[in-house]
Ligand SMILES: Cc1cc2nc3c(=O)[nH]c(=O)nc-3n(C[C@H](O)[C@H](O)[C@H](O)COP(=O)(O)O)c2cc1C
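First, one chain by itself: the form predicted alone, in structure tokens.
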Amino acid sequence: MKIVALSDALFCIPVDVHTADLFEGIWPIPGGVTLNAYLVKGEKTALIDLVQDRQDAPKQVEEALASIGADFGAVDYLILNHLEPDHTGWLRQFREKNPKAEIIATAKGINLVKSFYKIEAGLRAVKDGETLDLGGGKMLTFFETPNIHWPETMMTWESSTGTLFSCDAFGSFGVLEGRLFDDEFSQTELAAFENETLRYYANIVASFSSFVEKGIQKLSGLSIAYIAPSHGMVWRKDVAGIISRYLRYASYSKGSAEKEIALVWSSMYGNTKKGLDAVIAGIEREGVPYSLHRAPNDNVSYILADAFKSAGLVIAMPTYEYAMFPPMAYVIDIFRRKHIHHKTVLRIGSWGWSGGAQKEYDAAIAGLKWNSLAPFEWTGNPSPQDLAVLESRGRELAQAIKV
């Protein structure tokens, strides 16, 4: 993709990456992802963030710079808002092309430059609120925003254009395919990107929602015209909207989720599925919207996104060798790691020669702060009486969500 001007001295270099690899080695990105680097030109030149060496991304950045008469050697400052390798993986090669550029990051970021890339010279650690004058009216200010989503993360502010280089905050999965700004997409496309923004947040940022709120509060005094993240589109029309959505996502971790139910299920031979169908019938009678995911058929990335935003959960799984069905045990562990807290939850499931799933399940969810309704288990094929109870439990859960 070609370089895109935000102003006469500020440019975005978006690189669309299509890959079968998993993001962070765990999250699928069938729609790809964009890696954004930025160039700010004053009397001196700053490059904000790099790319990973995949699908000729460094070559694409180099060609984009050349299109405006620049190159890696012309960079005076390399600003690393975040040291995760998708933004820094090409750092050693950059240093070989440009040994004079000063590499700027937070103190924790500089430590990671040393440990990840074994670079010791030409480094500068900046503090919260510190500025860098590029000349020509271009002044950069650095704001530490730790744990959005690594401890060393910062954001960079360019005051003359009102541009916030927000790193991983306000980003999304999905490629841009020749466009960059939010007002260049249709409402249908924006809705699809909102889904991928939520999935990105739930997968990458959800564990650190309290830090998201602190970071947004810290930056609330800025008059922001552009939000320029490291992944996804640049926001210029609906800056307030994407900030509002991030605050809403952060609130999900505190129990202010949508009045919906995420049903997550596994079934070995169909008996647990029969019980789940009865629960769904009860939910539908109450008119509460729901999502439905089967583990392991559906990737946990998508399960996590719907569970994160929903006030209610149904966990439906059989007992497997005296314990939880293994794919569901994995889902529960991901919920624990990503702080899927403050949900109203119904757990159901069948068992054959012996139970045991409930005992392991109770221990696994002990720290999740869930409001658990009375669980229901049955042996083998559910009886008509079992199905009647399960439908009633579905209605009970839906009624609790509607309150």
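For every residue, the number given is its place in the sequence shown, counted from 1. Small disclaimer: the values here were computed from a predicted structure and weren't measured.
One more form of this protein exists, namely the form predicted in complex with the named molecule; it is left out here, but the text below deals with it.
Look at 25 to 33, 54 to 62, 347 to 355, 363 to 371: in the predicted bound form, residues with non-hydrogen atoms within 4.5 angstroms of the named molecule sit in 347 to 355. When the named molecule is considered in the predicted bound form, residue 321 lines it closely, a heavy atom lying within 4.5 Å. Contact check for residue 291: no non-hydrogen atom falls within 4.5 Å of the named molecule in the predicted bound form.
A residue is said to contact a partner when one of its heavy atoms sits within 4.5 Å of a partner heavy atom; residue 192 fails this definition for the named molecule in the predicted bound form, lying far away. Looking at residue 129, you'd find every heavy atom of it more than 4.5 angstroms from the named molecule in the predicted bound form.
This chain is displayed alone, yet in the predicted bound form one of 98, 253, 147, 271 has a heavy atom within 4.5 Å of the named molecule; that residue is 271. Proximity to the named molecule in the predicted bound form, taken as a non-hydrogen atom within 4.5 angstroms, holds for one residue of 207, 161, 301, 267, which is 267. Along 369 to 403, one residue reaches a heavy atom to within 4.5 Å of the named molecule in the predicted bound form: 380.
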